[in-house]
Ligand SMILES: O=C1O[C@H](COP(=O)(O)O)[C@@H](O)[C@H](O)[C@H]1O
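One chain comes next, on its own, written out as structure tokens in the form predicted alone.
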């Protein structure tokens, strides 16, 4: 049987052999996502031959100790399971390099080590640097890479960098980081990663819109009533996450990057081609067209922020946000945010877009729902209750990736009664296997030089402009909008429900 995922992957440029250097190699991201992703690519036969992995971190470790730690996690999290024989061969490509991120000598030794790896394997010298460290080290790592000359590719080779989120904490820091990155690597060699865009459903948004004649003609303000984007998490500040989160919050942690990226895919115009800049040109136009909430009054009218109070999730008691470990008892950081957005373009004039993200909600799920306007019901006005609901197209991003369409149908029987039914598509059952992890696709894209699914400099900065206006209203205004509350295990504050009720809408139940 033909594997449709394999067909998709081999349709791109074949990646060349390279060495992947991961900064922050002892961290959770490396152990849970990055190395398992490369391992799964190797199992699927998608990894180019001769790929080497060098972990760069500050802790003292031997190659063997580093590999053992990776193996322990790979056994637990690998999508394809763990095969001892394959791992034994795979781990030979992994090594560890200890250095402080600010130590110039450590980077010189890294350069010598990479040259030695190339000599040993007969490699050309292609290098992919993955900056997965804590954000405060991004500057140091990029500056030291330049100091050691590692940003310069040898003749016929390439040197690229992937930068993990968060890419800045506001517009000023993002602009500064962009300047540092662009002084070190060319924009075409810079990959700002957002793993949401590596998920199958996110990639499928363009296919759904532009390859199906039944949808694109309806994709505008004439037929669509409103759009909802929901990212729900059923966890709080477990594992010491409160220290980071209390400095970030739901708006900057999720909305600025993941959710605005998904929104831009839903609302952009058809690109002239599928090149990286063709797609990203259209995405940035959307973000640039967002109506700005640039006064406290506009923010109060269109944005709701909230913190959870003590409650229960999955039958387990949960503390309130301000009682969480490493969270300031007087914190004014939001664990929930709901935003009404308006896009001032011809296509979307008058269509509200609602984005919500929250911690300690009843379940973990991310989805986009497109709500169509009601059909004229003159034929069914006499029926009890009329027509039950309008058409809703739902794109499920996680955990159950797929697409569903709600429509109205007649209930079988002798009388005319109507009821909503659902057409459902699941990736796992329709294609006979689950989707690859997002990091697998994105790492392979970076090796192949395809930046389509990575954010460009102007996209990041335009997103921060929109977010900064809201942050300033919350934290720099003399009359800031109030902080609402919701009980842990509920679907958010009543103020978020009222936000939609003002337009005659309600949140979709997940």
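Quick caveat: nothing in here was measured; it's all calculated off a predicted structure. Numbering follows the first chain given and starts at 1.
Another form, the form predicted together with this ligand, is not on view; read the next lines as being about it.
- Evaluate residue 246 for contact with this ligand in the predicted complex, applying a 4.5 angstroms cut-off between non-hydrogen atoms, and reply yes or no. No, residue 246 is distant from the partner.
- Message: With the partner left out here, check for me: in the predicted complex, does some heavy atom of residue 254 sit within 4.5 Å of this ligand?
- Response: Flag for residue 254 set to yes.
- How about residue 233: is it within 4.5 Å of this ligand in the predicted complex, going by heavy atoms? Taking the distances in the predicted complex, the answer for residue 233 is yes, it comes within 4.5 Å of this ligand.
- Query: If you check in the predicted complex, is residue 409 within 4.5 Å of this ligand, heavy atoms only?
  - Reply: Residue 409: no contact with this ligand in the predicted complex.
- Query: If you check 298, 75, 152, 241 against this ligand in the predicted complex, which one has a heavy atom within 4.5 Å?
  - Reply: None of the other options qualify; the answer is 241.
- Item | Among the candidates 396, 160, 195, 192, the residue which, in the predicted complex, approaches this ligand to within 4.5 Å (heavy atoms) | Only one option qualifies, and that one is 195.
- Query: Looking at this ligand in the predicted complex, do all three of 209, 280 and 285 come within 4.5 Å of it through at least one heavy atom?
  - Reply: Heavy-atom distance to this ligand in the predicted complex: none of the three under 4.5 Å.
- Candidate stretches 357 to 365, 374 to 382, 114 to 122, 301 to 309, one within 4.5 Å of this ligand in the predicted complex by heavy atom: Of the options, only 357 to 365 has residues within 4.5 Å of the partner.
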